[in-house]
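The chain below stands alone, shown as structure tokens; this is the form predicted on its own.
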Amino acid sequence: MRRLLLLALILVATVGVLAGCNSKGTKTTAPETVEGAAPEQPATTEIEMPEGDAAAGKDLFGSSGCGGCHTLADAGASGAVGPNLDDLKPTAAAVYDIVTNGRNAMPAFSGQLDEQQIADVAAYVVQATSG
């Protein structure tokens, strides 16, 4: 029993010494507020893209297999893997960015379609969804 009590006292003393290590008798607390300016968020810039041709984009939407994953009533597409574009009503810039770079399960199409073709698809999706 004495050994257990002695061990407990040594443990308490050790923790107390370690807690006060290098404190030199002063106690500091974290400030409640942070002074100075918060780091600036990266500026959002508009995506530079060519003007798209919706008629050409409609053909590309069909021939590139977009309807296999996306629903778009105007194209007669009822894919259920990707977002329903009729409900989403994306902007041309959003379509251009996602088709170019990919996102989540959608692969990037920048290797299969050139910038003009991607802009055409974006223009078509916006026209078809009134986005």
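In this text, all values refer to a predicted model and were calculated from it rather than measured experimentally. Don't overthink the numbering: it's just position in the shown sequence, from 1.
Keep in mind that the form predicted in complex with a small molecule is missing from the display, and what follows is about it.
A.B. asks: Let me know the one among Ala94, Met49, Ala56, Ala75 whose heavy atoms come within 4.5 Å of the small molecule in the predicted bound form, would you?
C.D. replies: For this set of options, the contacting one is Ala94.
A.B. asks: Does any part of Ser64 reach within 4.5 Å of the small molecule in the predicted bound form? Heavy atoms only, please.
C.D. replies: Yes, contact at 4.5 Å.
A.B. asks: Considering only heavy atoms, tell me if Gly79 and the small molecule come within 4.5 Å of each other in the predicted bound form.
C.D. replies: Looking in the predicted bound form, residue contacts with the small molecule do not include Gly79, since no heavy atom lies within 4.5 Å.
A.B. asks: Are any of the heavy atoms in Val121 no more than 4.5 Å from a heavy atom of the small molecule in the predicted bound form?
C.D. replies: Yes, Val121 lies within 4.5 Å of the small molecule in the predicted bound form.
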